[in-house]
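First comes one chain, alone, set out as structure tokens in the form predicted on its own.
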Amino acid sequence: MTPLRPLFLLDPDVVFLNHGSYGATPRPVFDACQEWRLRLEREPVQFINHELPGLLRRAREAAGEYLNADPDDLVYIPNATFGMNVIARALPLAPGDEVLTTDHEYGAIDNAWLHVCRKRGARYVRRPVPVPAGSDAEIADGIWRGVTPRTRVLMLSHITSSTALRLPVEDLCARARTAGILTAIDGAHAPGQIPLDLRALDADFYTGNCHKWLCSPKGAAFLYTRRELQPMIEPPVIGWGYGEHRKLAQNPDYVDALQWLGTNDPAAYLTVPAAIAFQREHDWPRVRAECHALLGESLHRVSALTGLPPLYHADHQYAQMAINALPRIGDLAAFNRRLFERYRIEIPCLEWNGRQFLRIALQGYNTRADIDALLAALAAELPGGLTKRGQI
């Protein structure tokens, strides 16, 4: 198989173990994006006014095939935070209503829902999910115990950012549908990292990034909305795709309203099909499986070094990204800087619920040598680390 590291633009002097933050774009996909930008600049009027509607339609069709969703239920947006803001602002929450979630959610998403709930007089209820995690059934039951007669929305990450835990959203979406509760899923880390079938998942709303694990250029994401709920959605910016002066009509109640927000650069959206094709060409199911296996090995090696147990009940609860507990370090930011400045290792160190963690996020360009470098740095830098070199 073709080695993947030369196909990415990453600095060869950096051990890059942080694909989860912003992703990384392969050179052929980056080149395709530049071609779209050049085509736009050669004749912007013809491109935007006449060619772009059809091009965006074809890009949505490619995403729809990949996600198993009708392209008229999908619209491209800049990022998943944008998508979740659209969802939160659209729902008719009233005083006393509750939005149920977990204590693992991404901070920007928490902010969006807290803002909307405060304005509407609703409650944002965070249900704790312990780490180490229990079984999927235990996680689902624990979250569902937070449901009350006032619960109107269940908002969950598909894969959490802080703990990289794959939540049992399939089970919970099914329970919510039976109970008449709306579901909003934050799939920022899902597309490209795990197989995703939106029809089978059957969520009411789903937003996911393409620029992380699908490896598209930065600024490409999607919002899926169940067809009968689309009239609820209002764009954050009223432009040519909304209202009586609508110029373009593909799906005027949904797609146009969100797609035509004013002049912007659509190149990242138009390049999503190239990212899908790149992963198909390089047998991405195999790449994902190899990354998952290397990650499992890495978690056990870090646990052996720190003496702290693994944090997942089973290996299907993480995909290509996972966390290890760290001994109490103190200044975690300074520790993180040392890993980069002394060892050129790009990896997030984070604090969650008063505990400190290391998050390893592997993509097809990573190798066992990258993990060896991380273990050597940890052996030197962790408290008492110099005495642990023989354990790596």
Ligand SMILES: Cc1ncc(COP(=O)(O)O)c(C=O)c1O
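Bear in mind that the values here come from a model prediction, so they are computed numbers and not experimental data. Sequential numbering from 1, following the sequence displayed.
One more form of this protein should be noted, the form predicted together with the named molecule, which is absent from this view; the next part is about it.
Ser157 is the sole member of Ser157, Gln193, Thr271, Thr163 with a non-hydrogen atom within 4.5 Å of the named molecule in the predicted bound form. The single contact residue among Ala322, Ala80, Ala184, Leu100, judged by any heavy atom lying within 4.5 Å of the named molecule in the predicted bound form, is Ala80. Contact annotation for Cys215: none of its heavy atoms lies within 4.5 Å of the named molecule in the predicted bound form.
The named molecule in the predicted bound form is not approached by Trp240, whose heavy atoms all lie more than 4.5 angstroms from it.
Interface residue remark: Ile109 is counted as part of the site for the named molecule in the predicted bound form, having a heavy atom within 4.5 Å.
Among residues of the shown chain, Gln259 is not one whose heavy atoms approach the named molecule to within 4.5 Å in the predicted bound form. Note on the interface: of 101-109, 263-271, 135-143, 230-238, the segment with non-hydrogen atoms within 4.5 angstroms of the named molecule in the predicted bound form is 101-109.
For the partner-free chain shown, Asp186, Ala188, His189, Asn209, His211, Lys212 of 177-213 come within 4.5 angstroms of the named molecule in the predicted bound form, judged by any non-hydrogen atom.
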